[in-house]
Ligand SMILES: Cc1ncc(COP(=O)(O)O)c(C=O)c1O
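Read the single chain below, which is given as C-alpha coordinates and is the form predicted alone.
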(Lines give C-alpha, C1' and ligand atoms only; values in the text may rest on other atoms or scores of the structure.)
Protein backbone atom coordinates (compact mmCIF):
# COMPACT_ATOMS: atom_id res chain seq x y z
CA UNK A 1 0.00 0.00 0.00
CA UNK A 2 2.87 2.36 0.80
CA UNK A 3 4.48 1.74 -2.60
CA UNK A 4 1.18 2.58 -4.26
CA UNK A 5 0.80 5.77 -2.25
CA UNK A 6 4.39 6.79 -3.04
CA UNK A 7 3.78 6.19 -6.72
CA UNK A 8 0.65 8.33 -6.77
CA UNK A 9 2.45 11.15 -4.99
CA UNK A 10 5.47 11.04 -7.28
CA UNK A 11 3.44 10.90 -10.49
CA UNK A 12 1.16 13.71 -9.36
CA UNK A 13 4.17 15.92 -8.70
CA UNK A 14 5.76 14.79 -11.96
CA UNK A 15 2.69 15.55 -14.07
CA UNK A 16 2.32 19.02 -12.58
CA UNK A 17 5.96 20.03 -12.66
CA UNK A 18 7.06 18.85 -16.09
CA UNK A 19 8.22 21.49 -18.54
CA UNK A 20 10.02 20.18 -21.60
CA UNK A 21 13.59 21.36 -21.83
CA UNK A 22 13.64 22.37 -18.17
CA UNK A 23 12.70 19.29 -16.17
CA UNK A 24 14.49 15.95 -16.38
CA UNK A 25 11.75 13.34 -16.11
CA UNK A 26 12.05 10.86 -13.26
CA UNK A 27 11.42 7.20 -13.99
CA UNK A 28 8.07 5.70 -13.12
CA UNK A 29 8.09 3.56 -10.02
CA UNK A 30 6.70 0.11 -10.77
CA UNK A 31 4.09 -1.16 -8.32
CA UNK A 32 4.11 -4.70 -6.89
CA UNK A 33 0.42 -5.26 -7.73
CA UNK A 34 -1.78 -3.18 -10.03
CA UNK A 35 -4.92 -4.60 -11.61
CA UNK A 36 -5.69 -4.03 -15.28
CA UNK A 37 -8.90 -2.27 -14.26
CA UNK A 38 -7.41 -0.05 -11.54
CA UNK A 39 -8.56 3.20 -13.17
CA UNK A 40 -6.90 5.41 -10.54
CA UNK A 41 -3.52 4.00 -11.48
CA UNK A 42 -4.08 4.18 -15.24
CA UNK A 43 -5.36 7.73 -14.97
CA UNK A 44 -1.98 8.70 -13.56
CA UNK A 45 -0.22 6.75 -16.28
CA UNK A 46 -2.20 8.86 -18.77
CA UNK A 47 -0.78 11.96 -17.04
CA UNK A 48 2.67 10.90 -18.26
CA UNK A 49 1.63 11.76 -21.84
CA UNK A 50 1.19 15.20 -23.46
CA UNK A 51 -1.97 13.99 -25.19
CA UNK A 52 -4.73 16.60 -24.97
CA UNK A 53 -7.45 15.83 -22.43
CA UNK A 54 -9.97 16.96 -25.07
CA UNK A 55 -8.89 14.26 -27.50
CA UNK A 56 -9.77 10.57 -27.43
CA UNK A 57 -6.92 8.96 -29.34
CA UNK A 58 -7.88 5.49 -30.57
CA UNK A 59 -5.39 5.20 -33.41
CA UNK A 60 -2.20 4.03 -31.73
CA UNK A 61 -1.94 1.40 -34.46
CA UNK A 62 -0.93 4.15 -36.87
CA UNK A 63 1.34 6.09 -34.55
CA UNK A 64 1.81 5.95 -30.81
CA UNK A 65 1.93 8.89 -28.44
CA UNK A 66 5.30 9.20 -26.69
CA UNK A 67 5.37 9.89 -22.95
CA UNK A 68 7.06 13.01 -21.58
CA UNK A 69 10.07 10.98 -20.46
CA UNK A 70 10.83 9.95 -24.07
CA UNK A 71 10.17 13.38 -25.55
CA UNK A 72 12.29 15.06 -22.90
CA UNK A 73 15.19 12.64 -23.41
CA UNK A 74 15.24 13.25 -27.16
CA UNK A 75 14.89 17.01 -26.84
CA UNK A 76 17.56 17.34 -24.18
CA UNK A 77 20.02 15.23 -26.14
CA UNK A 78 19.37 17.10 -29.40
CA UNK A 79 20.03 20.33 -27.54
CA UNK A 80 23.28 18.91 -26.17
CA UNK A 81 24.34 17.73 -29.63
CA UNK A 82 23.95 21.23 -31.03
CA UNK A 83 25.40 22.92 -27.96
CA UNK A 84 28.49 20.74 -27.68
CA UNK A 85 28.94 19.68 -31.29
CA UNK A 86 28.54 15.99 -30.42
CA UNK A 87 28.47 13.45 -33.23
CA UNK A 88 27.06 9.95 -33.41
CA UNK A 89 26.71 7.33 -30.72
CA UNK A 90 23.72 5.84 -28.97
CA UNK A 91 23.33 2.87 -31.30
CA UNK A 92 24.97 0.33 -28.97
CA UNK A 93 22.69 1.26 -26.06
CA UNK A 94 19.60 1.13 -28.29
CA UNK A 95 20.58 -2.27 -29.71
CA UNK A 96 21.23 -3.65 -26.23
CA UNK A 97 17.86 -2.41 -24.96
CA UNK A 98 16.02 -3.82 -27.98
CA UNK A 99 17.78 -7.19 -27.76
CA UNK A 100 16.75 -7.53 -24.12
CA UNK A 101 13.23 -6.34 -24.90
CA UNK A 102 12.83 -8.95 -27.66
CA UNK A 103 14.91 -11.72 -26.02
CA UNK A 104 17.53 -12.09 -28.70
CA UNK A 105 21.23 -11.42 -29.29
CA UNK A 106 22.52 -7.89 -29.77
CA UNK A 107 24.32 -9.03 -32.93
CA UNK A 108 20.94 -9.95 -34.47
CA UNK A 109 19.44 -6.45 -34.23
CA UNK A 110 19.74 -3.75 -36.90
CA UNK A 111 18.43 -0.23 -36.37
CA UNK A 112 16.02 1.02 -39.04
CA UNK A 113 13.68 3.97 -39.44
CA UNK A 114 10.48 1.92 -39.82
CA UNK A 115 9.07 -1.50 -40.63
CA UNK A 116 8.98 -0.82 -44.37
CA UNK A 117 12.75 -0.34 -44.42
CA UNK A 118 13.21 -3.70 -42.72
CA UNK A 119 10.81 -5.38 -45.14
CA UNK A 120 12.77 -4.07 -48.12
CA UNK A 121 16.08 -5.29 -46.69
CA UNK A 122 14.73 -8.83 -46.43
CA UNK A 123 12.64 -8.71 -49.62
CA UNK A 124 15.62 -7.74 -51.81
CA UNK A 125 18.34 -9.40 -49.77
CA UNK A 126 17.07 -12.98 -50.12
CA UNK A 127 18.33 -14.91 -53.14
CA UNK A 128 14.94 -15.63 -54.68
CA UNK A 129 14.56 -16.39 -58.36
CA UNK A 130 11.69 -16.35 -60.83
CA UNK A 131 9.16 -19.04 -59.91
CA UNK A 132 10.09 -19.16 -56.22
CA UNK A 133 7.00 -18.77 -54.08
CA UNK A 134 6.44 -16.42 -51.14
CA UNK A 135 3.32 -16.86 -49.02
CA UNK A 136 1.66 -13.62 -47.86
CA UNK A 137 -1.88 -12.80 -46.66
CA UNK A 138 -4.94 -10.94 -47.89
CA UNK A 139 -4.52 -8.42 -45.02
CA UNK A 140 -1.21 -6.72 -45.80
CA UNK A 141 -0.13 -3.16 -45.07
CA UNK A 142 1.27 -1.29 -48.06
CA UNK A 143 4.71 -1.34 -46.38
CA UNK A 144 4.72 -5.14 -46.58
CA UNK A 145 2.75 -5.64 -49.79
CA UNK A 146 4.47 -3.02 -51.97
CA UNK A 147 8.05 -4.36 -51.62
CA UNK A 148 6.89 -7.88 -52.48
CA UNK A 149 4.81 -6.69 -55.42
CA UNK A 150 7.85 -4.79 -56.64
CA UNK A 151 9.98 -7.94 -56.33
CA UNK A 152 7.27 -9.90 -58.17
CA UNK A 153 7.22 -7.36 -60.99
CA UNK A 154 10.99 -7.11 -61.38
CA UNK A 155 12.13 -10.63 -60.48
CA UNK A 156 9.23 -12.92 -61.26
CA UNK A 157 8.88 -14.17 -57.68
CA UNK A 158 5.43 -15.71 -57.23
CA UNK A 159 3.20 -14.33 -54.45
CA UNK A 160 0.76 -16.83 -52.99
CA UNK A 161 -1.99 -14.96 -51.11
CA UNK A 162 -3.75 -16.86 -48.32
CA UNK A 163 -6.88 -15.76 -46.46
CA UNK A 164 -6.97 -15.14 -42.73
CA UNK A 165 -9.64 -17.21 -41.00
CA UNK A 166 -11.71 -16.61 -37.86
CA UNK A 167 -9.55 -18.98 -35.80
CA UNK A 168 -5.81 -19.51 -35.43
CA UNK A 169 -6.17 -23.17 -36.35
CA UNK A 170 -7.94 -22.41 -39.63
CA UNK A 171 -5.38 -19.73 -40.54
CA UNK A 172 -2.57 -22.20 -39.92
CA UNK A 173 -4.37 -24.73 -42.11
CA UNK A 174 -4.69 -22.17 -44.91
CA UNK A 175 -0.94 -21.59 -44.82
CA UNK A 176 -0.23 -25.31 -44.76
CA UNK A 177 -2.44 -25.88 -47.81
CA UNK A 178 -0.62 -23.12 -49.70
CA UNK A 179 2.83 -24.65 -49.26
CA UNK A 180 4.35 -26.32 -52.32
CA UNK A 181 7.82 -27.50 -53.31
CA UNK A 182 8.41 -24.00 -54.69
CA UNK A 183 7.69 -22.24 -51.37
CA UNK A 184 10.85 -20.52 -50.14
CA UNK A 185 9.46 -18.03 -47.63
CA UNK A 186 6.41 -17.39 -45.48
CA UNK A 187 6.18 -13.61 -45.05
CA UNK A 188 3.15 -12.63 -42.98
CA UNK A 189 2.16 -10.05 -40.37
CA UNK A 190 2.36 -11.00 -36.71
CA UNK A 191 -0.71 -8.78 -36.31
CA UNK A 192 -2.10 -7.27 -39.54
CA UNK A 193 -2.76 -3.54 -39.54
CA UNK A 194 -6.24 -4.15 -40.91
CA UNK A 195 -8.27 -6.14 -38.38
CA UNK A 196 -5.88 -6.63 -35.45
CA UNK A 197 -5.91 -10.42 -35.67
CA UNK A 198 -3.05 -12.18 -33.85
CA UNK A 199 -1.65 -14.86 -36.13
CA UNK A 200 -0.38 -18.18 -34.67
CA UNK A 201 3.18 -17.17 -35.50
CA UNK A 202 4.98 -19.73 -33.34
CA UNK A 203 3.05 -22.55 -34.98
CA UNK A 204 3.65 -21.05 -38.42
CA UNK A 205 7.40 -20.90 -37.79
CA UNK A 206 7.46 -24.47 -36.47
CA UNK A 207 5.64 -25.67 -39.58
CA UNK A 208 8.03 -23.77 -41.84
CA UNK A 209 11.13 -25.18 -40.16
CA UNK A 210 9.81 -28.71 -40.64
CA UNK A 211 9.66 -28.01 -44.37
CA UNK A 212 12.93 -26.04 -44.58
CA UNK A 213 11.11 -22.80 -45.39
CA UNK A 214 12.28 -19.43 -44.08
CA UNK A 215 9.94 -17.17 -42.08
CA UNK A 216 9.63 -13.39 -41.98
CA UNK A 217 7.18 -11.52 -39.73
CA UNK A 218 5.91 -7.99 -40.20
CA UNK A 219 6.00 -6.96 -36.54
CA UNK A 220 4.72 -3.39 -36.75
CA UNK A 221 2.22 -3.84 -33.92
CA UNK A 222 3.09 -6.49 -31.31
CA UNK A 223 6.23 -5.00 -29.62
CA UNK A 224 4.93 -2.83 -26.80
CA UNK A 225 1.45 -4.35 -27.02
CA UNK A 226 2.38 -7.99 -26.37
CA UNK A 227 5.39 -9.55 -24.68
CA UNK A 228 7.34 -10.47 -27.79
CA UNK A 229 9.94 -13.22 -27.40
CA UNK A 230 11.64 -13.79 -30.75
CA UNK A 231 13.54 -16.87 -29.65
CA UNK A 232 10.32 -18.46 -28.47
CA UNK A 233 8.51 -17.54 -31.71
CA UNK A 234 11.35 -19.02 -33.74
CA UNK A 235 11.16 -16.82 -36.84
CA UNK A 236 14.16 -16.13 -39.08
CA UNK A 237 13.45 -12.43 -39.67
CA UNK A 238 11.29 -9.86 -37.88
CA UNK A 239 10.78 -6.19 -38.78
CA UNK A 240 9.35 -3.88 -36.13
CA UNK A 241 9.07 -0.24 -35.18
CA UNK A 242 9.44 1.73 -31.97
CA UNK A 243 6.98 4.53 -32.75
CA UNK A 244 3.72 2.58 -32.43
CA UNK A 245 3.02 0.46 -29.35
CA UNK A 246 6.50 0.91 -27.90
CA UNK A 247 5.71 4.66 -27.65
CA UNK A 248 9.19 5.60 -28.82
CA UNK A 249 10.43 8.42 -31.06
CA UNK A 250 8.87 8.71 -34.51
CA UNK A 251 10.95 7.28 -37.34
CA UNK A 252 12.65 4.55 -35.31
CA UNK A 253 12.53 0.83 -35.92
CA UNK A 254 14.49 -2.41 -35.91
CA UNK A 255 15.17 -5.49 -37.98
CA UNK A 256 15.92 -8.91 -36.49
CA UNK A 257 17.98 -11.27 -38.64
CA UNK A 258 18.84 -14.53 -36.92
CA UNK A 259 22.54 -15.32 -36.80
CA UNK A 260 21.86 -18.61 -38.59
CA UNK A 261 20.29 -16.80 -41.55
CA UNK A 262 22.51 -13.70 -41.71
CA UNK A 263 24.53 -14.91 -44.66
CA UNK A 264 21.37 -15.61 -46.66
CA UNK A 265 20.40 -11.92 -46.69
CA UNK A 266 22.63 -9.91 -49.03
CA UNK A 267 23.40 -6.33 -48.02
CA UNK A 268 22.94 -4.10 -51.07
CA UNK A 269 23.66 -0.75 -49.48
CA UNK A 270 27.00 0.03 -47.87
CA UNK A 271 28.48 2.54 -45.47
CA UNK A 272 30.34 2.83 -42.20
CA UNK A 273 29.82 -0.29 -40.10
CA UNK A 274 28.61 -2.56 -42.89
CA UNK A 275 31.99 -4.11 -43.69
CA UNK A 276 34.99 -5.59 -41.88
CA UNK A 277 37.52 -3.46 -43.79
CA UNK A 278 38.26 -1.99 -47.21
CA UNK A 279 41.01 -0.35 -49.24
CA UNK A 280 40.27 1.65 -52.35
CA UNK A 281 43.95 2.32 -53.10
CA UNK A 282 45.36 -1.19 -52.96
CA UNK A 283 45.91 -3.38 -56.03
CA UNK A 284 43.57 -5.12 -56.34
CA UNK A 285 41.07 -3.03 -54.41
CA UNK A 286 39.97 -4.69 -51.20
CA UNK A 287 36.59 -5.32 -49.56
CA UNK A 288 37.22 -7.80 -46.75
CA UNK A 289 33.63 -8.78 -46.06
CA UNK A 290 30.47 -7.93 -44.15
CA UNK A 291 30.04 -7.28 -40.45
CA UNK A 292 28.96 -10.30 -38.46
CA UNK A 293 26.25 -8.34 -36.66
CA UNK A 294 23.26 -6.13 -37.35
CA UNK A 295 25.45 -3.30 -38.64
CA UNK A 296 25.57 -5.20 -41.90
CA UNK A 297 22.22 -3.60 -42.74
CA UNK A 298 22.44 -0.04 -41.40
CA UNK A 299 25.00 2.67 -41.89
CA UNK A 300 25.70 6.38 -42.20
CA UNK A 301 24.84 9.39 -40.07
CA UNK A 302 21.96 8.73 -37.71
CA UNK A 303 20.09 10.73 -35.08
CA UNK A 304 21.72 9.57 -31.84
CA UNK A 305 19.08 11.43 -29.83
CA UNK A 306 16.37 9.16 -31.26
CA UNK A 307 18.39 6.15 -30.15
CA UNK A 308 18.37 7.54 -26.62
CA UNK A 309 14.61 7.90 -26.96
CA UNK A 310 14.31 4.19 -27.82
CA UNK A 311 16.14 3.28 -24.63
CA UNK A 312 13.92 5.57 -22.59
CA UNK A 313 10.75 4.15 -24.18
CA UNK A 314 11.79 0.63 -23.23
CA UNK A 315 12.61 1.77 -19.70
CA UNK A 316 9.15 3.33 -19.48
CA UNK A 317 7.48 0.06 -20.52
CA UNK A 318 9.62 -2.05 -18.18
CA UNK A 319 8.90 0.21 -15.22
CA UNK A 320 5.15 -0.13 -15.68
CA UNK A 321 5.56 -3.83 -16.42
CA UNK A 322 5.18 -5.50 -19.79
CA UNK A 323 2.74 -8.12 -18.51
CA UNK A 324 0.72 -5.35 -16.88
CA UNK A 325 0.60 -3.41 -20.14
CA UNK A 326 -0.48 -6.43 -22.14
CA UNK A 327 -3.29 -7.21 -19.71
CA UNK A 328 -4.47 -3.59 -19.71
CA UNK A 329 -4.63 -3.12 -23.48
CA UNK A 330 -6.31 -6.49 -23.96
CA UNK A 331 -8.83 -5.66 -21.24
CA UNK A 332 -9.78 -2.42 -22.99
CA UNK A 333 -10.06 -4.09 -26.41
CA UNK A 334 -12.18 -6.90 -25.00
CA UNK A 335 -14.43 -4.34 -23.30
CA UNK A 336 -14.89 -2.56 -26.61
CA UNK A 337 -15.48 -5.69 -28.68
CA UNK A 338 -17.97 -7.11 -26.20
CA UNK A 339 -19.98 -3.89 -26.08
CA UNK A 340 -19.93 -3.41 -29.85
CA UNK A 341 -21.39 -6.89 -30.33
CA UNK A 342 -24.10 -6.13 -27.73
CA UNK A 343 -24.86 -2.78 -29.32
CA UNK A 344 -26.52 -3.99 -32.50
CA UNK A 345 -26.89 -7.06 -34.75
CA UNK A 346 -25.84 -4.73 -37.56
CA UNK A 347 -22.29 -4.61 -36.20
CA UNK A 348 -20.14 -6.93 -38.32
CA UNK A 349 -17.12 -7.90 -36.19
CA UNK A 350 -13.99 -8.58 -38.25
CA UNK A 351 -11.57 -9.16 -35.39
CA UNK A 352 -11.84 -12.77 -34.16
CA UNK A 353 -13.51 -13.32 -30.81
CA UNK A 354 -11.26 -16.19 -29.69
CA UNK A 355 -8.76 -14.96 -27.10
CA UNK A 356 -5.59 -16.24 -28.79
CA UNK A 357 -6.46 -14.41 -32.01
CA UNK A 358 -7.06 -10.91 -30.64
CA UNK A 359 -5.11 -8.34 -28.67
CA UNK A 360 -5.51 -4.54 -28.62
CA UNK A 361 -7.08 -3.69 -31.98
CA UNK A 362 -10.73 -4.15 -32.88
CA UNK A 363 -12.09 -3.80 -36.41
CA UNK A 364 -15.71 -3.80 -37.48
CA UNK A 365 -18.21 -2.76 -40.13
CA UNK A 366 -21.85 -1.67 -39.94
CA UNK A 367 -24.25 -3.40 -42.31
CA UNK A 368 -25.46 -1.26 -45.20
CA UNK A 369 -23.50 1.77 -43.99
CA UNK A 370 -20.20 3.41 -44.94
CA UNK A 371 -18.09 3.43 -41.77
CA UNK A 372 -15.88 6.14 -43.22
CA UNK A 373 -18.78 8.44 -42.35
CA UNK A 374 -18.58 7.16 -38.77
CA UNK A 375 -14.90 8.06 -38.74
CA UNK A 376 -15.79 11.62 -39.83
CA UNK A 377 -18.52 11.80 -37.21
CA UNK A 378 -16.05 10.74 -34.52
CA UNK A 379 -13.43 13.18 -35.76
CA UNK A 380 -15.86 16.05 -35.21
CA UNK A 381 -16.02 14.96 -31.55
CA UNK A 382 -12.21 14.79 -31.22
CA UNK A 383 -12.22 10.99 -31.38
CA UNK A 384 -9.38 9.71 -33.57
CA UNK A 385 -9.94 6.36 -35.31
CA UNK A 386 -8.58 4.59 -38.41
CA UNK A 387 -10.55 3.79 -41.55
CA UNK A 388 -9.03 0.71 -43.19
CA UNK A 389 -9.24 0.85 -46.98
CA UNK A 390 -6.46 -1.68 -47.56
CA UNK A 391 -7.41 -4.76 -49.59
CA UNK A 392 -10.95 -3.30 -49.94
CA UNK A 393 -11.74 -4.24 -46.34
CA UNK A 394 -13.34 -0.83 -45.66
CA UNK A 395 -13.75 -1.15 -41.91
CA UNK A 396 -13.11 0.97 -38.83
CA UNK A 397 -10.18 -0.01 -36.62
CA UNK A 398 -9.86 0.97 -32.96
CA UNK A 399 -6.55 0.68 -31.08
CA UNK A 400 -6.43 0.75 -27.29
CA UNK A 401 -3.28 1.57 -25.34
CA UNK A 402 -2.34 2.39 -21.76
CA UNK A 403 -3.36 6.04 -22.04
CA UNK A 404 -6.96 5.02 -22.90
CA UNK A 405 -9.77 4.12 -20.49
CA UNK A 406 -13.28 2.66 -20.46
CA UNK A 407 -14.88 6.09 -20.16
CA UNK A 408 -13.35 7.05 -23.52
CA UNK A 409 -14.58 3.82 -25.04
CA UNK A 410 -18.09 4.49 -23.73
CA UNK A 411 -17.99 7.89 -25.46
CA UNK A 412 -16.98 6.19 -28.70
CA UNK A 413 -19.72 3.57 -28.30
CA UNK A 414 -22.31 6.33 -28.01
CA UNK A 415 -21.18 7.68 -31.39
CA UNK A 416 -21.42 4.19 -32.91
CA UNK A 417 -24.92 3.82 -31.50
CA UNK A 418 -25.99 7.14 -33.06
CA UNK A 419 -24.49 6.11 -36.39
CA UNK A 420 -26.19 2.70 -36.42
CA UNK A 421 -29.56 4.26 -35.65
CA UNK A 422 -29.22 7.14 -38.11
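Here the structure is a predicted model, which means the values were calculated and not measured. Positions refer to the first chain, counted from 1.
What comes next is about the form predicted in complex with the ligand, which is not displayed.
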For the spot marked by 186, 236 and 257, is every residue within 4.5 Å of the ligand in the predicted bound form through some heavy atom?
-> no
Quick one: from 191, 111, 247, 204, grab the residue that has a heavy atom within 4.5 Å of the ligand in the predicted bound form.
-> 191
Heavy atom within 4.5 Å of the ligand in the predicted bound form: which of 115, 340, 208, 134 fits that? Just give me the one.
-> 115
May I ask you to state whether residue 312 is within 4.5 Å of the ligand in the predicted bound form, using heavy atom distances?
-> no
Answer for residue 221 alone: is it within 4.5 Å of the ligand in the predicted bound form, judged on heavy atom distances?
-> yes
Partner proximity in the predicted bound form: residue 64 to the ligand, non-hydrogen atom cutoff 4.5 Å | no
Consider residue 243 of the chain shown here, and say whether it contacts the ligand in the predicted bound form, taking contact as heavy atoms within 4.5 Å.
-> yes
Answer range among 277 to 285, 102 to 110, 79 to 87, 212 to 220 for contact with the ligand, defined in the predicted bound form as heavy atoms within 4.5 Å = 212 to 220
